[in-house]
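Consider the single chain below, provided in C-alpha coordinates and representing the form predicted on its own.
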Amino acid sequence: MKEKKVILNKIKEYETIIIHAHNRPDGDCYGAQFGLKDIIKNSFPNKKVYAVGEESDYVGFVGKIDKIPESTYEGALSIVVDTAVEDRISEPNYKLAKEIIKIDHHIPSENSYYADYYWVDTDKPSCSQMIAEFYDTFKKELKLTYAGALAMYVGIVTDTGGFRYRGVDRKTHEMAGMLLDFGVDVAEVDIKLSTKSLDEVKVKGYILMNFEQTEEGFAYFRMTKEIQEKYNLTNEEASATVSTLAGIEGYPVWALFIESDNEVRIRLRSNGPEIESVAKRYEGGGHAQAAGAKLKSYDELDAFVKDINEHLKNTKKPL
(Lines give C-alpha, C1' and ligand atoms only; values in the text may rest on other atoms or scores of the structure.)
Protein backbone atom coordinates (compact mmCIF):
# COMPACT_ATOMS: atom_id res chain seq x y z
CA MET A 1 0.00 0.00 0.00
CA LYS A 2 2.83 2.40 0.87
CA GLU A 3 4.54 2.05 -2.54
CA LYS A 4 1.25 2.54 -4.39
CA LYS A 5 0.48 5.69 -2.40
CA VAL A 6 3.90 7.15 -3.19
CA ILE A 7 3.35 6.47 -6.89
CA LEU A 8 -0.09 8.09 -6.84
CA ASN A 9 1.32 11.19 -5.15
CA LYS A 10 4.13 11.42 -7.70
CA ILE A 11 1.64 11.10 -10.56
CA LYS A 12 -0.36 13.95 -9.05
CA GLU A 13 2.80 16.04 -8.69
CA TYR A 14 3.96 15.95 -12.33
CA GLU A 15 2.35 17.52 -15.38
CA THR A 16 4.27 15.36 -17.90
CA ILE A 17 4.49 11.60 -17.40
CA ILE A 18 6.31 9.25 -19.78
CA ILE A 19 5.71 5.51 -19.46
CA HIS A 20 8.49 3.17 -20.57
CA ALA A 21 8.83 -0.60 -20.89
CA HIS A 22 11.29 -3.20 -22.15
CA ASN A 23 12.57 -3.87 -25.64
CA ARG A 24 10.83 -6.55 -27.72
CA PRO A 25 7.56 -5.77 -25.87
CA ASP A 26 5.12 -8.54 -25.05
CA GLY A 27 1.47 -8.48 -24.00
CA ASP A 28 2.18 -7.69 -20.37
CA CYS A 29 4.52 -4.89 -21.34
CA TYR A 30 1.83 -3.24 -23.46
CA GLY A 31 -0.87 -4.06 -20.94
CA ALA A 32 0.93 -2.29 -18.11
CA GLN A 33 1.97 0.65 -20.29
CA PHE A 34 -1.37 1.40 -21.89
CA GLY A 35 -3.38 0.45 -18.83
CA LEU A 36 -1.45 2.96 -16.72
CA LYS A 37 -1.61 5.60 -19.46
CA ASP A 38 -5.39 5.24 -19.66
CA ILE A 39 -5.76 5.56 -15.88
CA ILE A 40 -3.59 8.68 -15.63
CA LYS A 41 -4.98 10.39 -18.73
CA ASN A 42 -8.62 9.90 -17.73
CA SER A 43 -8.07 10.66 -14.06
CA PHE A 44 -6.05 13.82 -14.75
CA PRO A 45 -7.14 15.15 -18.18
CA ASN A 46 -4.79 18.15 -18.07
CA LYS A 47 -1.64 16.05 -17.76
CA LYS A 48 0.49 15.08 -20.75
CA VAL A 49 0.90 11.30 -20.74
CA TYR A 50 2.94 9.26 -23.20
CA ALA A 51 3.72 5.56 -23.73
CA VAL A 52 7.07 5.21 -25.52
CA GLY A 53 9.39 2.46 -26.72
CA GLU A 54 9.29 -0.27 -29.33
CA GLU A 55 6.17 -1.28 -31.22
CA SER A 56 4.57 -4.73 -31.15
CA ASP A 57 2.67 -6.35 -34.00
CA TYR A 58 1.30 -9.14 -31.81
CA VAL A 59 -0.53 -6.87 -29.36
CA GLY A 60 -0.57 -3.70 -31.44
CA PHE A 61 -4.37 -3.59 -31.14
CA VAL A 62 -3.92 -2.57 -27.49
CA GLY A 63 -2.46 0.87 -28.26
CA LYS A 64 -0.08 2.95 -30.35
CA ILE A 65 3.35 3.96 -29.14
CA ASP A 66 3.97 7.71 -28.86
CA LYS A 67 6.91 9.45 -30.57
CA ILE A 68 8.20 12.39 -28.55
CA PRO A 69 11.20 14.73 -28.77
CA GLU A 70 13.96 14.62 -26.19
CA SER A 71 12.87 17.99 -24.84
CA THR A 72 9.64 16.39 -23.51
CA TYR A 73 11.64 14.85 -20.66
CA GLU A 74 12.57 18.17 -19.12
CA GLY A 75 10.92 18.30 -15.70
CA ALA A 76 8.97 15.10 -16.43
CA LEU A 77 8.35 11.87 -14.53
CA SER A 78 9.46 8.58 -16.12
CA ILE A 79 7.64 5.41 -15.08
CA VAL A 80 9.24 2.14 -16.22
CA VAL A 81 6.96 -0.91 -16.15
CA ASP A 82 7.60 -4.65 -16.49
CA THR A 83 11.36 -4.18 -16.91
CA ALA A 84 13.69 -5.98 -14.54
CA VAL A 85 17.07 -4.62 -15.58
CA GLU A 86 18.25 -1.28 -16.90
CA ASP A 87 19.73 -2.49 -20.18
CA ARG A 88 16.33 -3.83 -21.26
CA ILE A 89 14.59 -0.45 -21.14
CA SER A 90 13.77 0.24 -24.78
CA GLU A 91 14.06 4.05 -24.69
CA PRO A 92 17.27 5.29 -23.01
CA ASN A 93 15.93 8.84 -22.71
CA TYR A 94 14.06 7.76 -19.58
CA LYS A 95 17.14 8.95 -17.68
CA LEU A 96 16.48 12.54 -18.76
CA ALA A 97 13.36 12.79 -16.60
CA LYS A 98 13.48 14.59 -13.27
CA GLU A 99 12.49 11.42 -11.38
CA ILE A 100 12.05 7.72 -12.23
CA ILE A 101 9.62 5.14 -10.88
CA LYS A 102 9.94 1.40 -11.46
CA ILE A 103 6.88 -0.90 -11.35
CA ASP A 104 7.78 -4.54 -11.93
CA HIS A 105 7.14 -8.17 -10.96
CA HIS A 106 10.46 -9.79 -11.95
CA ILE A 107 13.10 -11.05 -9.53
CA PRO A 108 15.63 -8.20 -9.00
CA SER A 109 19.30 -8.58 -9.91
CA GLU A 110 22.35 -6.32 -9.65
CA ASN A 111 21.22 -4.24 -12.66
CA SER A 112 17.68 -3.79 -11.37
CA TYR A 113 18.21 -0.61 -9.36
CA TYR A 114 17.86 2.26 -11.81
CA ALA A 115 15.00 4.32 -10.36
CA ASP A 116 14.25 6.74 -7.54
CA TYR A 117 11.11 4.92 -6.38
CA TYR A 118 10.26 1.22 -6.56
CA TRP A 119 7.18 -0.96 -6.45
CA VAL A 120 8.37 -4.52 -7.12
CA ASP A 121 6.19 -7.51 -6.25
CA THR A 122 7.64 -10.82 -7.44
CA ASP A 123 4.54 -12.69 -6.23
CA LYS A 124 2.41 -11.15 -8.97
CA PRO A 125 2.12 -13.15 -12.21
CA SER A 126 1.99 -10.00 -14.35
CA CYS A 127 2.77 -6.32 -14.17
CA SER A 128 -0.64 -5.64 -15.70
CA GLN A 129 -2.25 -7.16 -12.60
CA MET A 130 -0.22 -4.74 -10.48
CA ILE A 131 -1.55 -1.79 -12.49
CA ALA A 132 -5.09 -3.15 -12.18
CA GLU A 133 -4.61 -3.41 -8.41
CA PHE A 134 -3.26 0.15 -8.36
CA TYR A 135 -6.49 1.33 -9.97
CA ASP A 136 -8.62 -0.84 -7.69
CA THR A 137 -6.89 0.51 -4.57
CA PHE A 138 -7.58 4.14 -5.46
CA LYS A 139 -10.67 3.76 -7.66
CA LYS A 140 -12.53 6.41 -5.67
CA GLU A 141 -10.19 9.03 -7.13
CA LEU A 142 -9.06 7.34 -10.35
CA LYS A 143 -10.85 6.68 -13.64
CA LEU A 144 -10.49 3.81 -16.09
CA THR A 145 -12.02 3.28 -19.53
CA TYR A 146 -12.53 0.30 -21.82
CA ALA A 147 -9.20 0.93 -23.59
CA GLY A 148 -7.20 0.65 -20.39
CA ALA A 149 -9.19 -2.35 -19.19
CA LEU A 150 -8.58 -4.12 -22.51
CA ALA A 151 -4.85 -3.44 -22.28
CA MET A 152 -4.53 -4.82 -18.75
CA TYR A 153 -6.70 -7.85 -19.48
CA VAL A 154 -4.51 -8.71 -22.47
CA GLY A 155 -1.44 -8.29 -20.28
CA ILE A 156 -2.78 -10.60 -17.58
CA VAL A 157 -3.92 -13.26 -20.06
CA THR A 158 -0.66 -13.36 -22.01
CA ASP A 159 1.71 -13.34 -19.03
CA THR A 160 -0.20 -16.06 -17.20
CA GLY A 161 -0.59 -18.30 -20.25
CA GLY A 162 -4.35 -17.94 -20.06
CA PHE A 163 -4.36 -18.26 -16.24
CA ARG A 164 -2.34 -21.51 -16.35
CA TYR A 165 0.99 -20.48 -14.81
CA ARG A 166 2.13 -20.49 -11.19
CA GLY A 167 1.45 -17.26 -9.39
CA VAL A 168 -2.15 -17.07 -10.57
CA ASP A 169 -4.41 -16.80 -7.53
CA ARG A 170 -7.81 -15.53 -6.48
CA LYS A 171 -6.65 -11.91 -6.81
CA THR A 172 -5.64 -12.53 -10.43
CA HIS A 173 -9.13 -13.70 -11.31
CA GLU A 174 -10.71 -10.88 -9.31
CA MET A 175 -8.74 -8.28 -11.26
CA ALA A 176 -9.56 -9.97 -14.57
CA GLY A 177 -13.24 -9.99 -13.61
CA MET A 178 -13.10 -6.30 -12.70
CA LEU A 179 -11.66 -5.51 -16.14
CA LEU A 180 -14.39 -7.51 -17.87
CA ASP A 181 -16.91 -5.20 -16.21
CA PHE A 182 -15.60 -2.45 -18.51
CA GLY A 183 -16.82 -4.33 -21.56
CA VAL A 184 -13.80 -6.42 -22.52
CA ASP A 185 -14.92 -9.26 -24.79
CA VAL A 186 -13.11 -12.48 -23.84
CA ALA A 187 -13.83 -14.19 -27.17
CA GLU A 188 -12.65 -11.20 -29.19
CA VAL A 189 -9.38 -11.03 -27.23
CA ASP A 190 -8.82 -14.75 -27.70
CA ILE A 191 -9.34 -14.47 -31.46
CA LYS A 192 -6.85 -11.61 -31.74
CA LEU A 193 -4.23 -13.42 -29.66
CA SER A 194 -4.65 -16.87 -31.19
CA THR A 195 -4.82 -15.95 -34.89
CA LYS A 196 -1.64 -17.14 -36.65
CA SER A 197 -0.24 -16.69 -40.12
CA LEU A 198 0.21 -19.80 -42.27
CA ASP A 199 4.00 -19.47 -41.89
CA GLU A 200 3.68 -19.42 -38.09
CA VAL A 201 1.67 -22.63 -38.20
CA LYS A 202 4.19 -24.27 -40.53
CA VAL A 203 7.18 -23.35 -38.38
CA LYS A 204 5.52 -24.89 -35.32
CA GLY A 205 5.29 -28.15 -37.25
CA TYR A 206 8.94 -27.82 -38.18
CA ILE A 207 9.90 -27.24 -34.54
CA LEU A 208 8.02 -30.35 -33.41
CA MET A 209 9.76 -32.44 -36.07
CA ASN A 210 13.25 -31.10 -35.38
CA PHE A 211 13.64 -30.15 -31.73
CA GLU A 212 16.44 -31.65 -29.64
CA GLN A 213 16.20 -33.24 -26.21
CA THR A 214 18.42 -34.56 -23.43
CA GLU A 215 18.10 -37.56 -21.13
CA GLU A 216 17.78 -35.20 -18.17
CA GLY A 217 14.52 -33.72 -19.50
CA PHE A 218 15.50 -30.62 -21.48
CA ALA A 219 13.85 -29.97 -24.87
CA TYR A 220 15.11 -27.17 -27.09
CA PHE A 221 15.13 -25.81 -30.62
CA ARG A 222 17.65 -23.71 -32.53
CA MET A 223 15.76 -20.94 -34.33
CA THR A 224 18.48 -19.97 -36.81
CA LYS A 225 18.33 -16.92 -39.04
CA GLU A 226 17.85 -19.24 -42.00
CA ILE A 227 14.72 -20.76 -40.45
CA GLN A 228 13.34 -17.32 -39.58
CA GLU A 229 13.87 -16.20 -43.18
CA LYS A 230 12.38 -19.39 -44.62
CA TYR A 231 9.16 -18.89 -42.68
CA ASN A 232 9.14 -15.07 -42.93
CA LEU A 233 9.18 -14.64 -39.14
CA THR A 234 9.83 -11.41 -37.32
CA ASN A 235 11.80 -11.64 -34.06
CA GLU A 236 8.52 -11.24 -32.20
CA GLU A 237 6.86 -14.09 -34.12
CA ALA A 238 9.91 -16.32 -33.67
CA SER A 239 9.94 -15.70 -29.92
CA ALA A 240 6.25 -16.52 -29.62
CA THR A 241 6.85 -20.10 -30.76
CA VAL A 242 8.50 -21.04 -27.45
CA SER A 243 5.20 -22.52 -26.23
CA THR A 244 5.39 -25.13 -29.00
CA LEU A 245 7.55 -27.35 -26.79
CA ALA A 246 5.44 -26.91 -23.66
CA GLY A 247 3.81 -29.91 -22.01
CA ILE A 248 5.91 -32.74 -23.46
CA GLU A 249 5.88 -35.60 -20.95
CA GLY A 250 9.29 -36.14 -19.39
CA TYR A 251 10.62 -32.73 -20.44
CA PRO A 252 9.79 -30.21 -17.71
CA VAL A 253 12.22 -27.59 -19.07
CA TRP A 254 12.29 -26.29 -22.62
CA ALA A 255 13.88 -23.43 -24.52
CA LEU A 256 14.04 -21.61 -27.80
CA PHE A 257 17.42 -20.29 -29.01
CA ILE A 258 16.77 -17.40 -31.40
CA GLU A 259 19.69 -16.28 -33.54
CA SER A 260 20.15 -12.64 -34.50
CA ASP A 261 23.07 -10.74 -36.06
CA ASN A 262 25.14 -10.38 -32.90
CA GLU A 263 23.73 -12.80 -30.30
CA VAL A 264 21.49 -15.76 -29.58
CA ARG A 265 18.52 -14.92 -27.35
CA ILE A 266 17.17 -17.65 -25.09
CA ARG A 267 13.55 -18.02 -24.06
CA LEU A 268 13.64 -20.53 -21.20
CA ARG A 269 10.56 -22.12 -19.64
CA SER A 270 9.70 -24.74 -17.02
CA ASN A 271 6.59 -26.43 -15.67
CA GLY A 272 8.32 -27.38 -12.43
CA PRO A 273 12.04 -26.91 -11.76
CA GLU A 274 13.36 -23.44 -11.00
CA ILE A 275 15.42 -22.21 -13.97
CA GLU A 276 16.00 -18.49 -13.30
CA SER A 277 19.29 -19.19 -11.53
CA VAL A 278 20.73 -20.75 -14.70
CA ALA A 279 19.50 -17.85 -16.82
CA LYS A 280 21.38 -15.44 -14.56
CA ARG A 281 24.67 -17.12 -15.50
CA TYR A 282 24.01 -16.07 -19.09
CA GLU A 283 23.16 -12.37 -18.71
CA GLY A 284 19.52 -13.13 -18.02
CA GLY A 285 16.85 -13.53 -15.41
CA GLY A 286 13.11 -13.22 -14.94
CA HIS A 287 10.94 -15.64 -13.00
CA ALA A 288 11.46 -19.02 -11.36
CA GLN A 289 9.74 -20.87 -14.23
CA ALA A 290 10.06 -18.32 -17.06
CA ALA A 291 13.29 -16.53 -17.86
CA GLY A 292 15.36 -15.05 -20.63
CA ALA A 293 19.10 -15.10 -21.29
CA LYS A 294 21.55 -14.77 -24.17
CA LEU A 295 24.61 -16.34 -25.75
CA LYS A 296 27.26 -14.59 -27.82
CA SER A 297 26.79 -17.29 -30.48
CA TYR A 298 25.73 -20.90 -30.92
CA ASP A 299 29.28 -21.85 -29.91
CA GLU A 300 28.12 -21.40 -26.29
CA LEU A 301 25.02 -23.55 -26.68
CA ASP A 302 26.63 -26.83 -25.56
CA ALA A 303 27.79 -25.18 -22.32
CA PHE A 304 24.28 -23.86 -21.67
CA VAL A 305 22.69 -27.26 -22.31
CA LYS A 306 25.25 -28.87 -19.98
CA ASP A 307 24.39 -26.37 -17.24
CA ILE A 308 20.67 -27.05 -17.61
CA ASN A 309 21.27 -30.80 -17.48
CA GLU A 310 23.36 -30.48 -14.33
CA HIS A 311 20.69 -28.27 -12.80
CA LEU A 312 17.99 -30.83 -13.59
CA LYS A 313 20.08 -33.60 -12.04
CA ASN A 314 20.41 -31.59 -8.86
CA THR A 315 16.75 -30.62 -8.69
CA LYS A 316 15.14 -33.02 -6.24
CA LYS A 317 11.56 -32.03 -6.97
CA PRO A 318 9.60 -29.32 -8.79
CA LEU A 319 9.10 -26.06 -6.91
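Counting begins at 1, following the sequence as shown. Keep in mind it's a predicted model, so treat the numbers as computed, not measured.
We do not show the form predicted in complex with a small molecule, though everything after this point is about it.
290 is the sole member of 65, 68, 264, 290 with a non-hydrogen atom within 4.5 Å of the small molecule in the model of the complex. Among heavy atoms of residue 204, none comes within 4.5 Å of the small molecule in the model of the complex.
Taking non-hydrogen atoms only, residue 259 never approaches the small molecule to within 4.5 angstroms in the model of the complex.
Residue contact with the small molecule in the model of the complex: residue 85 places a heavy atom within 4.5 Å of it. Although the partner is absent here, residue 106 lies within 4.5 Å of the small molecule in the model of the complex, judged by heavy atoms.
Between 281-289, 51-59, 34-42, 247-255, the stretch whose residues reach within 4.5 angstroms of the small molecule in the model of the complex through a non-hydrogen atom is 281-289.
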